[in-house]
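Quick heads-up: it's one chain on its own, the form predicted on its own, in structure tokens.
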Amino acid sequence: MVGIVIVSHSAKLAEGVVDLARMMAKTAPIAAAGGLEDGSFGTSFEKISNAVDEVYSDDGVLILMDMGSAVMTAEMVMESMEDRKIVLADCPVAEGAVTAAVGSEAGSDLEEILADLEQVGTQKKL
């Protein structure tokens, strides 16, 4: 299954998004990487790297980020693991996490999940 990492400046936000996605896809490999090691707001190269290691398989890992430096830090992690199949997704975090988790659990490959995530950002809520 494709692994999923949720990167946020807030540990609570990342963990909440993981909880939400697991409600829909209980067996999907998904990990939170939010906040800094001391519990403050920010993004941590080490937390993201550890989360990738936790969910990695030959099917690859999809990283979803909230904003700003979360994207930059995730890019740095991806570049440091160039021997691995890791992709960053440009989509809303909560909706994207649920979509990705359901796709992963259903056996979709990384490219299929990315195609589904392209639609997530264009869906209207109202």
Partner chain sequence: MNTEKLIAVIQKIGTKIEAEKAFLTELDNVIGDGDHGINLARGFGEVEKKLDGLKDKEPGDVLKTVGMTLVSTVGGASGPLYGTGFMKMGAAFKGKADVAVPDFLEGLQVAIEGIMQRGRSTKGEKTMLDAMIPAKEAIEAKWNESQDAKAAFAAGVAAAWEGVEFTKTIAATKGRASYLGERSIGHQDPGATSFTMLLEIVAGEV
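Positions refer to the first chain, counted from 1. Because the structure is a prediction, the values reported are computed rather than measured.
The next section is about a form of this same protein that is not shown, the form predicted together with the partner chain.
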Proximity to the partner chain in the model of the complex (heavy atom, within 4.5 Å), stretch among 76-84, 52-60, 96-104, 23-31: 76-84
Contact label in the model of the complex: G42 to the partner chain, heavy atom within 4.5 Å: yes
Heavy atom within 4.5 Å of the partner chain in the model of the complex - qualifying residues of 62-76: M67, S69, V71, M72, T73, E75, M76
